[in-house]
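This document opens with one chain alone, in structure tokens, the form predicted alone.
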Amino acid sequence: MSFEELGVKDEIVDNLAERGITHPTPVQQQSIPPGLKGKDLLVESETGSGKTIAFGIPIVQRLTHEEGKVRALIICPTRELAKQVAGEFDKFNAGLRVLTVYGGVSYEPQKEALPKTDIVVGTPGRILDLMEQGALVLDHVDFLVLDEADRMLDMGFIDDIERIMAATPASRQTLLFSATISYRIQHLSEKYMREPLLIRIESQEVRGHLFQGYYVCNPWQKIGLLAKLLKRQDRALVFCRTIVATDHVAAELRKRGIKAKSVNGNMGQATRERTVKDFQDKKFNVLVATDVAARGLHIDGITHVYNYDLPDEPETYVHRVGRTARQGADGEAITLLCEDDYRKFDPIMDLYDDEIEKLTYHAWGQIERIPPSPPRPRAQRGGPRRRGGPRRLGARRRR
């Protein structure tokens, strides 16, 4: 199938062809035709599947320039992804003006550019700031896109997103793209979309084997254990819950002879981009990050993912471990589990049907995998929680 067969104009087809894009991906094949007809779309498709072109072509082909009016708004979870999406528009743009807005930089250049802008691509926080300052008016928005919607909800942007959506005309076309469609995504679509067409795209990536395991340890043992494990591996991504933790963990790892750096929201944009590039270029082999800082980063060759801290939501764990075992290569995802984490770990064990193995590290020496513990009796409803390990450790669901 060709872009012409999907109903894409010759000018856009030629622009894509000049950049070597001649055949639409599955998500583009299914999304572009109804998008061109003005349908609201609820699309489940993995990162890297060609989603930007899938929602970008209907916008570019149907949008007409009106001086002083923002006609399309694309909301992204991170500034890195916002910049990437804006850059993708260069591949098929038809003279429309695209502006990227995000925090960490001055407001003034963005304010000055807005009156001449057709399409705004930005993060929720900066979009709201510009709205509250009266610089960004959404009264004429005909196209609204939520890109990587699941990540934005995981990051706690739901209230910001609803405020933004409520400020746009009810007649707009809404295109919601997400790697997974959870009940929260479905609720958002029911509230703000008009009979959306549901499109699900199966993963096209060849996945390698993902081994998942966890170590039970005390909080004061985590750094030492992590350092011992990291000395055995090539390229690892370590997740922490807070900005302070990323800096602390990276510094402690460096003291132990490991080339590690942190990336978090306190860093300037240029510093973050330079750090990520250095990691991609293999100038150091361990990147310590928060979930927020890691959103939108696409780094190949991750052999190990470590959960130094557990996330609050099981879906966030899924996104974390999905960064390894890609492109046919095997990978490992290891969690350092303390007693306070058991309640968060229970739903993760349920999600993976208890396939996450318990590991032990004898005398800081050879890593040894041990059989799962026998099922623990459930505490009575309302009674005290049993201590000593995750509730479903080793237990199998009764079918």
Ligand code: AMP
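Numbers follow the displayed sequence, beginning with 1. Since this is a predicted model, take the numbers as computed values, not measurements.
Here the subject shifts to the form predicted together with the ligand, a form of this protein not shown in this document.
Asks: Considering M349, I59, V43, I53, which brings a non-hydrogen atom within 4.5 Å of the ligand in the predicted bound form?
Replies: Checking each option against the ligand in the predicted bound form, the one that comes within 4.5 Å is I53.
Asks: So, Q84 and the ligand: in the predicted bound form, are they within 4.5 Å at any heavy atom pair?
Replies: Yes, Q84 lies within 4.5 Å of the ligand in the predicted bound form.
Asks: So, S31 and the ligand: in the predicted bound form, are they within 4.5 Å at any heavy atom pair?
Replies: Residue-level check for S31: no, no contact with the ligand.
Asks: According to a 4.5 angstroms non-hydrogen atom cut-off, is T335 in contact with the ligand in the predicted bound form?
Replies: Answer no; every heavy atom of T335 is more than 4.5 Å from the ligand in the predicted bound form.
Asks: Classify V13 as contacting or not contacting the ligand in the predicted bound form by the rule of any non-hydrogen atom within 4.5 angstroms, answering yes or no.
Replies: V13 lies outside the contact set for the ligand.
Asks: Which is the contacting stretch out of 44 to 52, 326 to 334, 353 to 361, 65 to 73, given heavy atoms within 4.5 Å of the ligand in the predicted bound form?
Replies: Checking each option against the 4.5 Å cut-off leaves 44 to 52.
Asks: May I ask whether F3, I21 and P24 all come within 4.5 angstroms of the ligand in the predicted bound form, judged by heavy atoms?
Replies: Verified in the predicted bound form; spot residues all in contact, yes.
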